[in-house]
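A single chain comes next, written as structure tokens; it is the form predicted on its own.
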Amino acid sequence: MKIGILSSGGDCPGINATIRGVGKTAVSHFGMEVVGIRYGFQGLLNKDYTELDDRSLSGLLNLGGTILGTSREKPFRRVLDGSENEKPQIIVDNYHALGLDCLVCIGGNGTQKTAYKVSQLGLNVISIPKTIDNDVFGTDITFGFHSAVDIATEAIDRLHSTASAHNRVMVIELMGHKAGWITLYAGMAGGADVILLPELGCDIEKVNKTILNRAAKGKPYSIVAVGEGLELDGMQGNPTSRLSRQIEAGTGIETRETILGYVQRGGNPSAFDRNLATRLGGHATELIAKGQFGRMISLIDEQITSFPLEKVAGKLKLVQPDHDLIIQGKRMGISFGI
């Protein structure tokens, strides 16, 4: 068999480890041919690929980014001028021209949706969920999330010393789009005093009350972790500056902001993510060998399994209000702004 591998969407720690897991298992165990398709679906449209063998798949386990490159090409997007979208047929033609028996798509929510549409064209597809946001439906955790939480937690740790030295409120914005997974996990692990999640919303008066109560108890500094997708005053996106101003105005305590940004997505994957990526990649190749297509590889209850793409596409996995960390955090006096 001959399989193609592509990575699509944002970069993420662990993509290379996944490429390695798929490729080495395919070559060494199943005797398959493997090609890497450059720059996601854009490379499939342009027939831009490279042969992957045991040598080219070496040295990838701890390497950040993706050796294949990535893009946000959406081949099924409606053509604005109303003309027929020829990209789906180009994908079919190039898939057959390359002699592929299966296409492995590594990516987040958008990629899962595109992978499903590609499978609807009659092509054999296996997808592997990838995102630091951890918001892909059908899996307990995505590789990249653990690495991002480690980075975000270290950043919060470092803010504690500055906040305490100056008796300030430090507001740190973390990534995740509409999902607050990184903010919740890093906020709890880093000892944030206020954790604001997009899923829960925010009452600024309650946030300020928490900060003032801490000051009254002899704790004149606070750490506020906020998800980038939080809606504040009915407005979406980049809430950190507005939040900082409202906290300083409402408490009288000097407030500073930090936007961690793409640092969370860069660098080498954690040991956990390396092992998860390896397991996901290996299972993907096993399904290909068995002829089981149209599925997303997932981690459920610590076991590697798979989920039908049709049940994944277009869905988000968001933090629920009854999550254990939220319940425990509230019991410990941490404010979630509600």
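So that there is no doubt, residue numbering starts at 1 and follows the sequence shown. These numbers come from a predicted model, not from an experiment.
Here the subject shifts to the form predicted in complex with 6-O-phosphono-beta-D-fructofuranose, a form of this protein not shown in this document.
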- Item | Interface residue in the predicted complex among 132, 126, 169, 196, criterion: non-hydrogen atom within 4.5 angstroms of 6-O-phosphono-beta-D-fructofuranose | 132
- Message: So 6-O-phosphono-beta-D-fructofuranose isn't shown here. In the predicted complex, which residue out of 265, 74, 113, 87 has a non-hydrogen atom within 4.5 Å of it?
- Response: 265
- Task: Check whether residue 177 has any heavy atom within 4.5 Å of a heavy atom of 6-O-phosphono-beta-D-fructofuranose in the predicted complex, and answer yes or no.
- Result: yes
- Item | Segment assignment from 96-104, 169-177, 211-219, 198-206: heavy atom within 4.5 Å of 6-O-phosphono-beta-D-fructofuranose in the predicted complex | 169-177
